[in-house]
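The chain below stands alone, shown as structure tokens; this is the form predicted alone.
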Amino acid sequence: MRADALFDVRGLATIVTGAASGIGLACAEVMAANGARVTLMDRNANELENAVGRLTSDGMDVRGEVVDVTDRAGLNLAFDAAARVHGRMDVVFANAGVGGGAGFLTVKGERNPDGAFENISDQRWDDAVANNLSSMFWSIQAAVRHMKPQGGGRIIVTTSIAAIKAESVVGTPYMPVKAGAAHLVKQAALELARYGILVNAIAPGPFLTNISGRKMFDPDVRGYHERVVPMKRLGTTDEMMGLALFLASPASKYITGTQIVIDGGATLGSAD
């Protein structure tokens, strides 16, 4: 089969959460650039307006919905609005989330009291659960309500390599909630396969995005990751586009319940 048929997403009604920047914007852009009809969702109204404006000016079929994914009622309304506009819901990228914050070690290898287990506040824990796990559950629920009656769809959840391995420079709440999201993907895939709904996860390593207040642009943080990643650099968001397109397209039609790591080799350990 020709590549243009394998990766054909033309006309697919697509939702991307956390789409105003970073990985979410990359997913939205690659889908729209290849003919999908995309609704970008984000809680940052200004960034969302800028992203939608840029893609629209490039001739892409996109629209925006301002929504916070931790607002369950608002999220359902935004999904319903997208379904009304597009007439169906084919692909959902459940991407929105927040960073892990400070770990128990700094990037210089020093102990950090703010990240110590006993000092993690209830608010920090609750925020991690709400933004990185509960929001994923609610996004999948909202998608399934539309996908079941139409006979299928694709749901792609952004997890992290933190779902697979413990971390010292990333805040402790981040790892268990990302692991929970990864297992949620498997559970949803098991139940929903009968209905033609495929559920998979993308697990990024260190990418150069705005997450956690643009901390990846800090020279010390960036330098740390460049040292420990075997490829000696951070990922750029355009390098997410191929995997996003693959999981949304016919090329992956027999894949479900899988988490695909994209991390420059970070999970392999350090190298020279």
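One-based numbering along the sequence shown. Because the structure is predicted, anything quoted here is derived from the model rather than measured.
What follows is about the form predicted together with a small molecule, which we do not show.
Task: Partner-facing stretch of 66-74, 29-37, 52-60, 243-251, counted where any non-hydrogen atom is within 4.5 angstroms of the small molecule in the predicted bound form - done: Going through the listed ranges, the match is 66-74.
Open item on the list: I'd like to check something about residue 128: if you look in the predicted bound form, is any of its heavy atoms closer than or equal to 4.5 Å to a heavy atom of the small molecule?
Closed with: Output for residue 128 is no: heavy atoms all beyond 4.5 Å of the small molecule.
TODO: State yes or no: in the predicted bound form, is some non-hydrogen atom of residue 178 no more than 4.5 angstroms from a non-hydrogen atom of the small molecule?
DONE: It does: once the small molecule is placed as it appears in the predicted bound form, residue 178 has a heavy atom within 4.5 Å of it.
Open item on the list: Against the small molecule in the predicted bound form, would residue 174 count as a contact residue? Criterion: heavy atoms within 4.5 Å.
Closed with: Result yes; residue 174 sits at the interface with the small molecule in the predicted bound form.
- [ ] Indicate whether the small molecule has at least one heavy atom within 4.5 Å of a heavy atom of residue 95 in the predicted bound form.
- [x] Taking the distances in the predicted bound form, the answer for residue 95 is yes, it comes within 4.5 Å of the small molecule.
Task: 22, 42 and 211 each touching the small molecule in the predicted bound form (heavy atom, 4.5 Å) - done: Contact check passed for all of 22, 42 and 211.
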